[in-house]
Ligand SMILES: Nc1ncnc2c1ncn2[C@@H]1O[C@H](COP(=O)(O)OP(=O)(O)O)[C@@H](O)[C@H]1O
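Given next, in structure tokens, is a single chain: the form predicted alone.
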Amino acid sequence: MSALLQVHGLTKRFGGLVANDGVDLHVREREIVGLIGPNGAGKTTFFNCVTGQLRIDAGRVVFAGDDLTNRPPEVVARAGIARTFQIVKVFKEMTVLDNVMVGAFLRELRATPARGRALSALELVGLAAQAGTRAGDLPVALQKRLELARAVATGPRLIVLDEALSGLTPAETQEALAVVRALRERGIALLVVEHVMEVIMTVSDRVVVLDRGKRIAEGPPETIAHDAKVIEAYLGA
């Protein structure tokens, strides 16, 4: 199966610090790829470069055959890549439904079809009953799900999840994993950063490991879990 997302040699520098050093990564249609690594490995920087929040210094980002290298976030979103953020970003004074309609307006020009698209996204993530609730009144676990619904409403082919499952209780985590799997069933591919190893190994088809900005391993979860370089990166020699 051909790759939906292809990242070639992505390099990002902050002065003398090389946050991403020639990273290659690909995601296929309807695939869930986990991106892991110790703190400071460059995972969020990589996400920001792929989705247009940061300009890269070298390399290419190709999505569905289109070169998106250093294109602005709105162009990346229209191409079909949506994302969530490590620190939840919702419009707290707006209702849950209105938050998701913000995403829906990427594809719809009028309020009525945008509302319908938003309600479908809320149904998918299990938030339909909270549509009229003020977003700021939701607990963090549901705000994360709201942010995911807003991403879904943009009509993506790939969603980039930046620690969308961190800080959740075991029950909340299982509910969130069910949503992730439901998204894949809808034909959406996912690229997931998560610190909880049990979670990433459970949900991913393939895992890519970064350490100090470089890709050090890639493979199925059961192989990565026993990779000596990965164990050293997390635990030390």
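The numbering used is simple: start at 1 and walk along the sequence shown. All values reported here derive from a predicted model rather than from experimental measurement.
Beyond the structure shown, there is the form predicted in complex with the ligand, which is absent from this document and is the topic of what follows.
> Give me the residue from Thr173, Thr44, Thr202, Thr69 that has a heavy atom within 4.5 Å of the ligand in the model of the complex.
Comparing distances to the ligand in the model of the complex, the residue within 4.5 Å is Thr44.
> Would you mind picking out the stretch of 176 to 184, 36 to 44, 22 to 30, 57 to 65 that comes within 4.5 angstroms of the ligand in the model of the complex, counting non-hydrogen atoms?
The contacting stretch is 36 to 44.
> Using heavy atoms and a 4.5 Å limit, would one call Ala228 a contact residue for the ligand in the model of the complex?
Answer no; every heavy atom of Ala228 is more than 4.5 Å from the ligand in the model of the complex.
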